[in-house]
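The data below hold one chain only, encoded as structure tokens and taken in the form predicted alone.
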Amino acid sequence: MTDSAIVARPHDRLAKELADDLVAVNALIRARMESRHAPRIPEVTAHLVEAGGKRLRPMLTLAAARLCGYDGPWHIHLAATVEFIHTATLLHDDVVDESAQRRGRPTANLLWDNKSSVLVGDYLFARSFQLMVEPGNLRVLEILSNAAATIAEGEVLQLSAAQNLATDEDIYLQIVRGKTAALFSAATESGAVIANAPDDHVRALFNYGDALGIAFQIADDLLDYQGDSTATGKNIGDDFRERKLTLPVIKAVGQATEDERAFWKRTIELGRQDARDLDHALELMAKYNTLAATRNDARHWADTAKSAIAALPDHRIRTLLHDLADYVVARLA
């Protein structure tokens, strides 16, 4: 892929637009992930933080602040806060999911151990609270601390719902809003609040982040069944093998015959799978057209995100955020 093609992607164009701020965010992240007494903390953190992630969530904070005309220093702290919260949840998620790979690299729990991943995740959560306090803005503190609690709540809900065939689309959406969209919406909302934006602008950016996060997660769940493993860093069907009830399967279960439901019960609830089961699962999803239906849901939420910011002042950042929502689902074509 050429350099011009890379820059053409919305998140890369956004990164270029916010380049100076991102340098400051990365410097702050590196400074705050240090530990004088426990060198394993920066080792584990650096493995994930510097693994080539897109910094999408902190970029949303920077973009919202810029869009709302902010010219102070604190959006850098808030963006670093968002990235620390995100990194902490990834460390914990990989332990819970017993994952061996993330972003195409071995996970921290595999390279070190579960205890290190959990405790370093806890450290990053603590660091994130230190960072979010420093701007001295109580409303921002409320937004980000509520998001941290909501993310944890969503993860716990997923534990009980992920292998339960009673899980329906409403519960799935509740999980997605908790574990993914909550941080997207907190990122955009806090950026607007630190800029003292009008309430309708703050609400618009919150709604944008919420809908973008939902579209992002639905797309990610769909790509597990039809994506390019070299691009996603995951093997096709990993969610099925890990017995996760995501939207394509939930839609298939909702239309299943008695025999088909018995298949889903055996493979998802009871975890008894053989080598042919993934192919059969894909056949059932094709039978009920659930991959296309899931794609349509992702596009609906991307359109909702674009509509949320349509009334904001014309600005090149707004255009990039609009294009970013399109890009999240363009991967599904």
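The model shown is predicted, which means the values in this text are computed figures rather than measured ones. Throughout, we count residues from 1 along the sequence that is shown.
There is also a form predicted in complex with another copy of the chain; it is not shown, and the following applies to it.
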Query - Heavy atom of each of 37, 40 and 136 within 4.5 Å of another copy of the chain in the predicted complex - result: yes
Requested in this report: Select from the listed residues 152, 173, 250, 223 the one whose heavy atoms reach within 4.5 Å of another copy of the chain in the predicted complex.
Outcome: 152
Report summary line: Only one of 192-200, 123-131, 253-261, 71-79 has residues with a heavy atom within 4.5 Å of another copy of the chain in the predicted complex, and that stretch is 123-131
Query raised in the report: Is residue 146 close enough to another copy of the chain in the predicted complex to count, meaning some heavy atom within 4.5 Å?
Result: yes
Query raised in the report: in the predicted complex, does residue 142 have a heavy atom within 4.5 Å of another copy of the chain?
Result: yes
Query raised in the report: Does residue 116 make contact with another copy of the chain in the predicted complex, using a 4.5 Å heavy atom cut-off?
Result: yes
Report task. May I ask you to state whether residue 157 is within 4.5 Å of another copy of the chain in the predicted complex, using heavy atom distances? Result -> yes
